[in-house]
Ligand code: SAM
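This document starts with one chain, in the form predicted alone, laid out as structure tokens.
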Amino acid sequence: MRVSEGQVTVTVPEQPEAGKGADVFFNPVQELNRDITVAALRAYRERTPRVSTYLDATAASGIRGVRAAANDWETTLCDIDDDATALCEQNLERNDLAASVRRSDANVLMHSEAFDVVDVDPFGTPIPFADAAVQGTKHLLCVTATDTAPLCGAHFESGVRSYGAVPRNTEFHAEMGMRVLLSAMVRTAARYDIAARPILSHATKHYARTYLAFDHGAKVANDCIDELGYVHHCQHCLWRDHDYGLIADPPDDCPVCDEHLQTAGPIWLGRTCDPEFVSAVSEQVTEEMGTADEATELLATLGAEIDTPTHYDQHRLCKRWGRGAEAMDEFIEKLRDAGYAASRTHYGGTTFKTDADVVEIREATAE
């Protein structure tokens, strides 16, 4: 079937029946991801004009790489599958675009050649591609993970094996997954004296997506490692705190209710977005994008999120406190009036970030 996204029209496989796989994978739900990718590529090229080459490392139908080529990137589309590379060539020809199509193991290609921007968007975890992707990236590494259950701790053992961290399935599970992914990528890059710093990240529609800007040198890589640490979380009263460092040193018990604490980490505790870059990306969202309104709203929320490593869900808190929830804008305004920083988050309609702890939140928002 044919699908139009942005400036291009491509042929993609028919969606299979339940339990049956397609020969070449295509995920229509990822249109938002791809629209933001195009906007991010435009913004990054304005920020770093010398960049020109882009690798779609796990191309499948090629829709992401074709859209990059339509935006004047010197594009390479890579897939190990014959049907996928044939479809990539067909879709480039359909749109009168020139690009290189490689039938290759992505890891082999990324270990042998380097590109200004590398995009790794596999089915499941990106970790099998992480070392090669770091080696094959000059400036910007874009990564998608769709294995959200291991990332957020719902599949605990799998998360530990894949990401080299202890994930915990908390009420801020989507952010937990994002920060576990970032931790793994930052640690991978640091092995090669590369600082991989996130400039745009979002967790939406059952996937996590991040854009990592590279800087080279042992000192800057160490600076990134210094932003790793642990979150200590009470499942009973929802109190939490965090510590920087690679050695966990959790409190003996919750200081609010004396219950046992769960510790997650090492996770990335630093910023997940650069607000200036997020604003620049938003300016590059154009009306021909099918998810333009959704992308603009998401980017506005991301740009306004305050810098804390976890978030709260008002409904979860109010249920725990035995009181009714209220309009989010009113709830957040109460926190601000009490002198705390607070913002909504993109993780859910009733989620928010604040520098107040759980006791202070309860007191500040009490009627």
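Values in this document were obtained by computation on a predicted structure and should not be read as measured data. One rule holds for the numbers: they count along the sequence shown, beginning at 1.
Keep in mind the form predicted together with the named molecule is missing from the figure; the text below concerns it.
**Q** State yes only if every one of A165, L181 and Y230 has a non-hydrogen atom within 4.5 Å of the named molecule in the predicted complex; otherwise state no.
**A** Zero of three within 4.5 Å in the predicted complex.
**Q** Can you check 166-174, 80-88, 264-272, 221-229 and let me know which stretch has heavy atoms within 4.5 Å of the named molecule in the predicted complex?
**A** The contacting stretch here is 80-88.
**Q** So which of I36, L55, V66, A60 gets a non-hydrogen atom within 4.5 Å of the named molecule in the predicted complex?
**A** If I apply the 4.5 Å criterion carefully, the residue I get is A60.
**Q** If you check T296, N71, T204, S104 against the named molecule in the predicted complex, which one has a heavy atom within 4.5 Å?
**A** If I apply the 4.5 Å criterion carefully, the residue I get is S104.
**Q** Heavy atoms within 4.5 Å of the named molecule in the predicted complex: does Y244 have any?
**A** Residue-level check for Y244: no, no contact with the named molecule.
**Q** Considering only heavy atoms, tell me if Y192 and the named molecule come within 4.5 Å of each other in the predicted complex.
**A** Although the named molecule is absent here, Y192 would stay clear of it in the predicted complex, with no heavy atoms inside 4.5 Å.
**Q** So in the predicted complex, does any heavy atom of G290 sit within 4.5 Å of the named molecule?
**A** Residue-level check for G290: no, no contact with the named molecule.
**Q** Might D147 be said to contact the named molecule in the predicted complex, defining contact as any heavy atom within 4.5 Å?
**A** Looking in the predicted complex, residue contacts with the named molecule do not include D147, since no heavy atom lies within 4.5 Å.
**Q** At a 4.5 angstroms cut-off on non-hydrogen atoms, which residues of 111-145 are near the named molecule in the predicted complex? List them in order.
**A** Heavy-atom contacts to the named molecule in the predicted complex: D121, P122, F123, F129.
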